[in-house]
Structures are given as C-alpha cells and as structure tokens.
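Below you'll find only one chain, the form predicted on its own, shown as structure tokens.
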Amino acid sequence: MLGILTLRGPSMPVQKASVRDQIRRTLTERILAGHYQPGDRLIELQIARELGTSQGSVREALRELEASRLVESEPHRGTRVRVVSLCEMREAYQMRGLLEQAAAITAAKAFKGSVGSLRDEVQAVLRAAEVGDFGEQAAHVYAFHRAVVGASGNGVLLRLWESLAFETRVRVRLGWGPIDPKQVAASYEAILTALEEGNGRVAGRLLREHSGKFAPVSDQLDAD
C-alpha cells in the first residue's frame, strides 16, 4: 500500500500529482528490476487495488510510462511492457557509451583516489554473473554506471542516460548473449584505474569501448 490517499482541502492537486508520481516510480522500478517482463500486460484495476489508489491515477502514470517508452498501448490489447528488439539494444548501448564518455571528463575528479564504492559494485556484478542471477547482475551494472554519470554533476546528461536504462538492463537481465567474466573484470578494472587516477579522458574512452564490447553482436541482430 502506498499509504497516500489523504486527498482533501486545497492541497489536493499536489497530493494527487504525488500519488501519480509514486505509482509511476513504483512501476518503473518493477519494470527495470524484471518484476514485469517485456510483453506482460499491466492491468489498471489490478494495480490500483494492489497499491490502494484510484484507477485514474494508475492510468495517468501509465501514460507517462508510455511517453518514456517503457510501456506501449494497443486497442483491444491494453497496456504492456514494451518488447525491446536487439537492434534497439545495440543502439542504446552505443548512445550510452557516448554519454558515459562525456560524463567521465568531470566524474573522474570526484572519484580520484576513491573508487571503493564502484569496486564494490563491480564485485557484485561478477558474483551475480557467476551464479547466473541476471536480475541482480543488471541491477549492479546499472548502479555502477549511474554512479559514474551522476558524479559528473550534469543533470541533463544523467536524464538522457537514464532514458536508455530499459534497453540496456533488459539485455543483461535476460542473459542474452555470452559474456566472458574475465573480460568483464578486466574491462571494469581498467575503468576503475583511470577513474582512481583522475584521468577522465582515458576513463571516458574505456567506458565507451566497454559499452561497445557488451552490446548485442551483429549475428544476434541478424537472427532477430
């Protein structure tokens, strides 16, 4: 239960918007975490009952999710989590790499001499990959890269990067394509070294190359 249905008095519009925003955030988190899979139908009434909100608020939240391309609606089929093609995933990885390269220039200053939190995320990625927990792996991959982009201090860049989270997390979460743990570890270690040295240009280049290495490959695209 969201516990926010106290809509009364002159503050009602603000609280109503807050309800919608909380629903949107809840559904976004569930989609990115894999609680809802690509193609799953999102039923307004069911979600409203579960969260203790109005069906109208859920409908408004779903419209916002559709605008951000996390879900899609079709007549007579309702609203479903969007299915992402391999081509879209590859394009998202390419764009994410460019954004991370730009972010690293200033982010490296924040991480110079202190990459312990990032190293913890890398270790969590490797542990999850070893046991085949793709959901956990995707969450820590996201946390690592978001921390780097966030450290740039550029809010617009961060929002652009976050808009690609769905495509990139789906690829990891579903375990599509072979990934060599040694290659992953070596790639992240090089990035960590550059950030720890405060070398933003090298870190940026390595982040861009990292995204290129782990994007869906051409033969997967041909098979899609």
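In case it trips you up, residue 1 is the first one in the sequence shown, and so on. Everything numeric here is computed off the predicted structure, so don't read it as measured data.
As for the form predicted together with the DNA, it is not shown, yet the points below apply to it.
The DNA in the model of the complex comes within 4.5 Å of a heavy atom belonging to residue 57. The DNA is not shown here, but in the model of the complex it comes within 4.5 Å of a heavy atom of residue 42. Interface residue remark: residue 153 is not counted as part of the site for the DNA in the model of the complex, having no heavy atom within 4.5 Å.
Contact check for residue 63: a non-hydrogen atom falls within 4.5 Å of the DNA in the model of the complex. Proximity to the DNA in the model of the complex, defined as a heavy atom within 4.5 Å, singles out one entry of 199, 187, 28, 53, which is 53. Although the partner is absent from the chain shown here, none of 112, 114 and 180 has a heavy atom within 4.5 Å of the DNA in the model of the complex.
The chain is drawn here without the DNA; in the model of the complex, the stretch among 69-77, 91-99, 141-149, 127-135 whose residues come within 4.5 Å of it by any heavy atom is 69-77. Counting a residue when any of its non-hydrogen atoms is within 4.5 Å of the DNA in the model of the complex, there are no hits in 114-151.
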